[in-house]
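Before any questions on binding or motion, here is one chain by itself as structure tokens, the form predicted on its own.
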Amino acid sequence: MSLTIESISCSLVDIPTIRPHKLSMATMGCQTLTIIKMTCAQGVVGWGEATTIGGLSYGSESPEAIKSAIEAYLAPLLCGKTFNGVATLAETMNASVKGNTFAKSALETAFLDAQGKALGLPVSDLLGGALTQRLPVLWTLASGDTEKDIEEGKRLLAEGRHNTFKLKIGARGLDVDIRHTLAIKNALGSDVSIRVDVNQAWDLSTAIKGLAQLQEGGIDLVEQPTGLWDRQGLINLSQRFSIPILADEAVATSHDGYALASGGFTGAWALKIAKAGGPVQALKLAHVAQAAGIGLYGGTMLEGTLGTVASLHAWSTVKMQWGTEMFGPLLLKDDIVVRPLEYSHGQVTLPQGPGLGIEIDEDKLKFYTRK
């Protein structure tokens, strides 16, 4: 079904987190959601979200830059044009604007939401059809304090909300990080899956030493231990150790995936709609992984419910061997949707209804929008 884009508006929405969230490159106390409202001539409104971590400390697109790219370049490019699907939308954006995948992801999401509403279909149907309505979701323990993380993990286990946890390490010395990780692993028990995310903080020699200790300690997965540029180092680590390596920053597009797979990488890839340029673009990478026999994991940029649901619709259409980390809304003190997502028993439920299947709370959107 063709849709004519009439107008696109963009807001920066600042929402505090429930606690400081410590990563190797930043500590977050607030998350900024870049929210897109796409109004089509047919009277249909689609919503999209682009969210990054820690301003410019994580990647090359800040919330302010995303908003600027949309308002100055992408919105004028798209408004007034008619598109029959995401393929022509993406081609139009890519022909005139290089990079800026976070901004493009928000616009692709908004178009899918509008198209789904117009057709009376969920976005997952537009992406091929959901294989499941419930997806596994882990929780990240990232206070930076070992005892606090243990206490938080035990509480979430007792509540039945999560049974798999990821630890953010890499900001401190290797020995400190290893002690922190193994203390949490021992405290939470052998039945609990523990993974770690190094966020590119180690060089190759540190990674070799660290992976040996993590493997011996029973850790299940190590995410992006080295820099995104060191593709060969990541391949070598995946072949040297039996503990699986999860490539994240090193694999954004299907071209990145082809290069890693053809080089002999084994392990898994973290899909993120923001780094790929949208849900459809992320699934292109997923299909390369499936062809190469590489596992999949649903990654997050700590989005609110809007961006999280866009990802879930995509993840629901493929087999996620390593589950997902779509817990972003749980890290926020509030959100801009009428009805929050349902999290229970280590899983999250895919919303039903046309488009993304969520309703925006316009009062909360206005309240949290940066003045």
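Note that residue numbering follows the sequence shown and begins at 1. Note that the structure is a prediction, hence the values are computed from the model and not measured.
Another form exists, predicted together with a small molecule; not displayed. Remarks below refer to it.
Looking at residue 197, you'd find a heavy atom of it within 4.5 angstroms of the small molecule in the predicted bound form. Residue contact with the small molecule in the predicted bound form: residue 185 places no heavy atom within 4.5 Å of it. Using a 4.5 angstroms threshold between heavy atoms, residue 117 stays clear of the small molecule in the predicted bound form. Heavy atoms of residue 325 reach within 4.5 Å of the small molecule in the predicted bound form, making it an interface residue. For the options 193, 140, 181, 254, the one in contact with the small molecule in the predicted bound form, meaning a heavy atom within 4.5 Å, is 140. This chain is drawn without the small molecule; in the predicted bound form, the residue among 312, 38, 302, 35 with a heavy atom within 4.5 Å of it is 302. Partner contact region in the predicted bound form: 163 to 171, out of 211 to 219, 75 to 83, 163 to 171, 235 to 243, criterion any non-hydrogen atom within 4.5 Å of the small molecule.
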